[in-house]
Ligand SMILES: NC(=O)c1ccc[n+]([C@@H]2O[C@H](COP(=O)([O-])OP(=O)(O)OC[C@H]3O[C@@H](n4cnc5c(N)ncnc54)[C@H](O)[C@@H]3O)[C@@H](O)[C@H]2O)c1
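Before any questions on how it binds or moves, here is one chain, the form predicted alone, in structure tokens.
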Amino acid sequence: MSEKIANSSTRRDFLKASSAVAASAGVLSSLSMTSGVFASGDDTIRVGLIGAGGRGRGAAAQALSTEGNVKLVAIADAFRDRLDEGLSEITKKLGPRADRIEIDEDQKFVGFDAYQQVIDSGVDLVILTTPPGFRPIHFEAAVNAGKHVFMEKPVATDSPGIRKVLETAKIAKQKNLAVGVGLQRHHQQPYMEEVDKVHNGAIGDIIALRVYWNGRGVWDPRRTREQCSSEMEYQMRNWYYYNWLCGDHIVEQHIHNLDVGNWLMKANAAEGKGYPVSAAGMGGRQVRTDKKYGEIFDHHAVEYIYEDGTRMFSQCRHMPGCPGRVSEHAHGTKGTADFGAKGRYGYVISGKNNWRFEEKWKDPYQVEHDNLFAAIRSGTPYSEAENGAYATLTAIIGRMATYSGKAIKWEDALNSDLSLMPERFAWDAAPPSLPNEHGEYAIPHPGLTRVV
């Protein structure tokens, strides 16, 4: 939106005329995209945070660090202690910009329905950073209410969730709502430049891809069962270790590298084409075997096949004491492209067209918010939901392959009706996976586990 409109003497007439047109068309929810006038009646973008954990705190601080008037006016989390901790950390992160937080006590919402309360609180944009299993539900509710969205990856944990996100993305476009997804490599300068060079023939035709997220793992379970009032609370507190909430680390974390592989292969998110046609692989629990680690694997190795026969070889591992690697590599007929800022990997093309990225670049976590908010203010169409959905599905078919021990076809995975979600959401409700009398969960068994 041009500030001239917001501040001019004709602003009142502009608002009146715009509202009349929007009301007659039944699209009041899209007014902000075309006029730059938001819920507050001026050019202030009012933000609501849904999910006050680590990534939510970072995303909120980045949203509040964008150009223009922006305020954080509502916050939600399943747990009050996490909400309070999150709000305190966001305030610290912002420093002198902490005056951009304007949250009264009655704008703090807790529980399973807290997301809807934030959506209904008069915000323009919602940040969705709860555990990924809730993403399709929250995304649908936000778009139905006419809100712009930033949502973290992954955007679902199962196939029905993927389809819901794709259906909701269509509605978001119809309403002219901007949607950003936290696959920040698409906003990271060395990735953007090097992928562009690959697409323009720097390494010739791609023969094979290799992608990795091998590390020591993430946080240990935060609460014991004795510290929680129910099995639902226990799993929610320790969400990373349960598939309905997390999707396993191949989905929650390795999605970044798989997404780069698809990007290199020129996958078309708008048309849903160019993604792997199948996947096969192996995985298991070799190191992280204690029952406190729920039901997920600690390693996955997957071979993806694209329609032209190109293979993408994928590894992700959570094992302390083993060499780490977070990188992507494309092998072509004229050379190799390597991506990865740590260790011996940089942003390098080797072969007939040698190249290396050596400039400084801006924090891509910030840039993705800068780009989203700029699009909202200018009214520029902006949709990363489809790519987020297909990148997530790429990771999900990898999990399906390692859990089942079978080759999984893309179409079978996309159309699967196998849901991981609970029948209802309440503290006394039963999660999909329940422990036995010893507190142990059923672990996927290759050759036996059904995944589609």
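Each residue number is its position in the shown sequence, starting from 1. Note that this is a predicted model, so its numbers are computed, not measured.
Although not depicted, the form predicted in complex with the named molecule is the subject of the following passage.
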Contact at R46, F139 and G180 by the named molecule in the model of the complex, all three, heavy atom at most 4.5 Å
no
I need to confirm a contact call. Of Y293, Y275, W239, F297, which residue comes within 4.5 Å of the named molecule in the model of the complex, counting heavy atoms only?
W239
So the named molecule isn't shown here. In the model of the complex, which residue out of K153, K71, H186, R210 has a non-hydrogen atom within 4.5 Å of it?
K153
Heavy atom to heavy atom, is I50 within 4.5 Å of the named molecule in the model of the complex?
yes
Residue-level question: is R55 within 4.5 Å of the named molecule in the model of the complex, judged on heavy atoms?
yes
Can you check whether R135 is within 4.5 Å of the named molecule in the model of the complex, heavy atom basis?
yes
Would you check, heavy atoms only and a 4.5 Å threshold, whether E252 touches the named molecule in the model of the complex?
yes
Among 328-336, 166-174, 127-135, 371-379, which stretch sits within 4.5 Å of the named molecule in the model of the complex, heavy atoms only?
127-135
Using a 4.5 Å cut-off on heavy atoms, what residues in 357-379 are near the named molecule in the model of the complex?
Y365
